[in-house]
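Starting off, we have a lone chain in the form predicted alone, written out as structure tokens.
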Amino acid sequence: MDGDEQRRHRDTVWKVHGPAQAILVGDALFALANEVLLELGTVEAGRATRRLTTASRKLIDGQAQDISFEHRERVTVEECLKMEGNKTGALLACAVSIGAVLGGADDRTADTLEAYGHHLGLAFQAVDDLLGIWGDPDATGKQTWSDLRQRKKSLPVVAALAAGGAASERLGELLSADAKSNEFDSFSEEEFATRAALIEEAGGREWTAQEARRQHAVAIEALDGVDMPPQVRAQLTALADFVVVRKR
């Protein structure tokens, strides 16, 4: 949907096989996931399938919101966090909780793990938003300023616009003009660099980094609600730590 021709240094499915085949592959994988779960024929399988379908619906909702934001001049921080909670938080929440459900865990345990995954997803997306603007192309496999090229209203952008001050106002003026420009696709690297610098000057970069750390802390705190072996907690903590320090 975002038109990326490469992800993690590999050509995307749509680039190699075309959009139609890419859509079909996604539909097939979703159907297969439900089929695999329901083949178990247990009560737990039904509970797990419901969690998977609910998460998928939220993910679709979040992706639709993300696309719609590209055509709006202003998006609030609260709207952006809600979108990212649906798009990424729901996915990681499901991934963390569904195995516990299949293992016989009760809903309280699964919901607690889901909370960990949700906040971990928000931390992941905040870091991803930072990489989408300032990430090293050699590490991310994406173009420089990739989210700015796609007019993404990601967390650094919306936080900068909400901050107030000269840099915030200038950024708002530029983005408003960009939305009406017929030459946006031919912008130079310097023009994107200027927007990135204004986002940083307005505080959007630091705010997003702090939000990633805050969501990471909330995710770790959620683990206190589940009785688990120390080595399992250590693995979940290590996963959360990786999310906030990753470079790609």
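Note that the structure is a prediction, hence the values are computed from the model and not measured. In case it trips you up, residue 1 is the first one in the sequence shown, and so on.
Only in words, not in the display: the form predicted in complex with another copy of the chain, which the text now covers.
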(Q) Among the candidate stretches 218 to 226, 49 to 57, 191 to 199, 178 to 186, which one is within 4.5 Å of another copy of the chain in the model of the complex when only heavy atoms are counted? (A) 49 to 57
Q) Is Leu239 close enough to another copy of the chain in the model of the complex to count, meaning some heavy atom within 4.5 Å? A) no
Q. Do Gln63 and another copy of the chain come within 4.5 Å of each other in the model of the complex, heavy atoms counted?
A. yes
**Q.** 4.5 Å heavy atom contact, Gln210 to another copy of the chain in the model of the complex
**A.** no
Q | another copy of the chain contact at Leu24 in the model of the complex, heavy atom, 4.5 Å | A | yes
Q.
Does another copy of the chain, in the model of the complex, lie within 4.5 angstroms of each residue among Ala139, Trp145 and Gly172, using heavy atoms as the measure?
A. no
Q. For 7 to 32: residues with a non-hydrogen atom within 4.5 angstroms of another copy of the chain in the model of the complex?
A. Pro19, Ala20, Gln21, Ile23, Leu24, Asp27, Ala28, Phe30, Ala31, Leu32
